[in-house]
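The form predicted alone is given below as one chain in structure tokens.
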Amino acid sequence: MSEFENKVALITGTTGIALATARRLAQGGAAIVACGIDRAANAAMQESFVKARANALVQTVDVSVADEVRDVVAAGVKRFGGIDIIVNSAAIHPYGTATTTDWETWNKAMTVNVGSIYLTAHFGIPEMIKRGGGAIVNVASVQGFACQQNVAAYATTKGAIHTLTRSLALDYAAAGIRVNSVSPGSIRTPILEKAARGDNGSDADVEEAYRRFGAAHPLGRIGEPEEVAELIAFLCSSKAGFCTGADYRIDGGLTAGIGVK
């Protein structure tokens, strides 16, 4: 029997870590309900699952809008019978300080990065309880522990995810729902590519930027989405049955030391 056979996983986001996680859970036998705001990425994910003959439903959803999250949960339940796993990976990464970040951008970061986790819990947990429990994994960041300059909104949301993870874990442990978070360092994702391009756009040497980012990690490289997906899959599995309310760093040793030489 496959590790996720007869399980249904709701995943927010359809690129980067979310895409790798959806593929990993599907390989383990899970039915996938994925949602994101990028229509092209959604279509590409759906096509890849059709080719792989995997059970998947991919919908275009703004995860910061309550009615849209409610509807995708309902669609997943209707198609596959319930929800057993939730992986919250959708995020935006605005740059700016408290004085250069406008109120609209600040609020959007909060509602997408943190609010979406509340919404998937609000609508998804009752369905998980009907199935006898399940697992939730929230994708946070090392920036929730130690942040760069000029990322006030993003870093704040990632710290909030750590706290919300602990709160959910305590509130729903008795219902058999385990809740953990993962905190990646630099991972080869569209968000990291945007950082690598900076102001240079199509003229940027992205691979050189990745080498520079990787050099800051003791392991000497950036991580791959599939590596994060493996950790998420473990936390969603029965092998992690005694793991809840914790954060797991997957950062190549980035936060193990201090930057003074």
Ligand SMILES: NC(=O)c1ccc[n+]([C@@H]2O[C@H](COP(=O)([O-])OP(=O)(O)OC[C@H]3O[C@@H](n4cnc5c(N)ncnc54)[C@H](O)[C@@H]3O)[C@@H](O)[C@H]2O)c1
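A residue's number is simply how far along the shown sequence it sits, counting from 1. In this text the structure is predicted, and so the values were computed from the model without any measurement.
Keep in mind that the form predicted in complex with this ligand is not shown, yet the notes after this line are about it.
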| item | value |
| --- | --- |
| All of Thr15, Val63 and Ser186 within 4.5 Å of this ligand in the predicted complex, heavy atom check | yes |
| Stretch in contact, per heavy atom within 4.5 angstroms of this ligand in the predicted complex, of 121-129, 73-81, 169-177, 136-144 | 136-144 |
| Non-hydrogen atom contact Ser181 with this ligand in the predicted complex at 4.5 angstroms | no |
| Partner proximity in the predicted complex: Ala209 to this ligand, non-hydrogen atom cutoff 4.5 Å | no |
| is_contact(Ala54, this ligand) in the predicted complex, heavy atom dist at most 4.5 Å | no |
| This ligand contact in the predicted complex: Asp38, any heavy atom under 4.5 Å | yes |
| Sequence-ordered residues of 86-113 touching this ligand in the predicted complex, heavy atom within 4.5 Å | Ser89, Ala90, Ala91, Ile92, Val112 |
